[in-house]
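Only one chain is shown below, in structure tokens, and it's the form predicted alone.
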Amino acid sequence: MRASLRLVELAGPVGLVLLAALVGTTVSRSNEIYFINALLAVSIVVALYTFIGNSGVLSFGHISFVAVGAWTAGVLSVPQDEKPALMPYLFGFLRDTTVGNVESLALAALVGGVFALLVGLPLMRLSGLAAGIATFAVLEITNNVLRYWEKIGPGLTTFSSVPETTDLLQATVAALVVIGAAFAYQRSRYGRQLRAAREDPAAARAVGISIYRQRLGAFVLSGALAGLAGGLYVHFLPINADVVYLDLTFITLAMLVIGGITSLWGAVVGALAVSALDSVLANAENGIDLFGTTVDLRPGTRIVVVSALMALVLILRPGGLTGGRELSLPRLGRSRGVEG
């Protein structure tokens, strides 16, 4: 019975991703990009959940790992003969190395995890507001390094000549991989220990749980997953340092909060729901026909609406749309228990 309930917890997020991918195959190429973008959002938000949801420590710096993953995959994917013209100041080993799509994604995840380890070693001793401010400082530092250090990337210019290999299939597979990793972690002994520390730090310490080590492990895993998402992102759209900065930080945190910050199911629901709303509002800012009427919203409306929605959810349903709970079949479980 317990195994079947766990299967339901995993089947919910997986089924929702597969449903989004299936619908994405039925639309035009111009609309398919919205579904790909939504699936990439799932990967990023689930990466956030892996640390924030399990530890209860709010991080404003996880988009740093998305950014370094994007830089890693982007720089290493540009054809070697084009690098001197596009990125003339690269370090020699970056200038002379070009890898394929799968290798670039693996390296993006590796670099994201290593960067998270280096950042987490000092920061995971912090909690509350101090941890949030420190992770935001990491985001600021990372953005400025990527913007102005042209030995590791294009600097202020937009990535170009990166193969656009992130299609609907690859985005779907990656989202499923990230969901699977997050589910396996939260069901592992380490995930349970971290959630115990989240609920009662004093009791966790009393039974010998090292809160620092558990937080650091989750931070590294989530950094690797975010790095993978960054690699997919740069293979999807031409981006620059500002694309993986404050706006992406806000929208992905909003997705997590709106869906339900303490559950994998909530992370997936929030990512897909807010992505759908964001896509509609973005189109409306450019003017769309709705029931014979042209809707033309002012620029910035989508951010205002998402912000208002997040505030409304926090007021009316602090646990998010899912109540911060995993998908389950409680009635079925109770009825079987009565019959037995």
Partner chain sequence: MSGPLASGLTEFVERATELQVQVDAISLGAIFALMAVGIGLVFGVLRLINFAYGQLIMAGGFALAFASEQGWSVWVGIALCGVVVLALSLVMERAVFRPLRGQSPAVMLIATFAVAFLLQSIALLWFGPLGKTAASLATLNQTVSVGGVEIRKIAIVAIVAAAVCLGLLLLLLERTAVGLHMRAAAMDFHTARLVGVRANRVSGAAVLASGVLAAVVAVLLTVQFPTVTPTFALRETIIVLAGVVVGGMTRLVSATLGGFAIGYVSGVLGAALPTEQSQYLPSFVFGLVILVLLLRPEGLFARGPRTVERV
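Positions refer to the first chain, counted from 1. Predicted, not measured: the structure shown is a model, and the values here were computed from it.
This protein has a second form, the form predicted in complex with its partner chain, left out of what is shown; the following refers to that one.
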Task: Contact residue in the predicted complex, chosen from Ala181, Leu123, Ala106, Leu90 - any heavy atom within 4.5 Å of its partner chain - done: Leu123
TODO: Report the residue, out of Leu118, Leu246, Ala203, Leu110, that has at least one non-hydrogen atom within 4.5 angstroms of its partner chain in the predicted complex.
DONE: Leu246
Open item on the list: Against its partner chain in the predicted complex, would Val257 count as a contact residue? Criterion: heavy atoms within 4.5 Å.
Closed with: yes
Open item on the list: Contact with its partner chain in the predicted complex for Tyr190, defined as at least one heavy atom pair within 4.5 Å: yes or no?
Closed with: no
Open item on the list: Does any part of Val207 reach within 4.5 Å of its partner chain in the predicted complex? Heavy atoms only, please.
Closed with: no
Task: Val114 within 4.5 Å of its partner chain in the predicted complex, heavy atoms - done: no
Task: Three-residue site Phe250, Leu253 and Pro318 fully in contact with its partner chain in the predicted complex at 4.5 Å by heavy atom - done: yes
TODO: From the candidate stretches 267 to 275, 40 to 48, 64 to 72, 306 to 314, select the single one in contact with its partner chain in the predicted complex, where contact means a heavy atom within 4.5 Å.
DONE: 306 to 314
TODO: May I ask you to list the residues of 47 to 77 that have any heavy atom within 4.5 angstroms of its partner chain in the predicted complex, in sequence order?
DONE: Leu58, Phe60
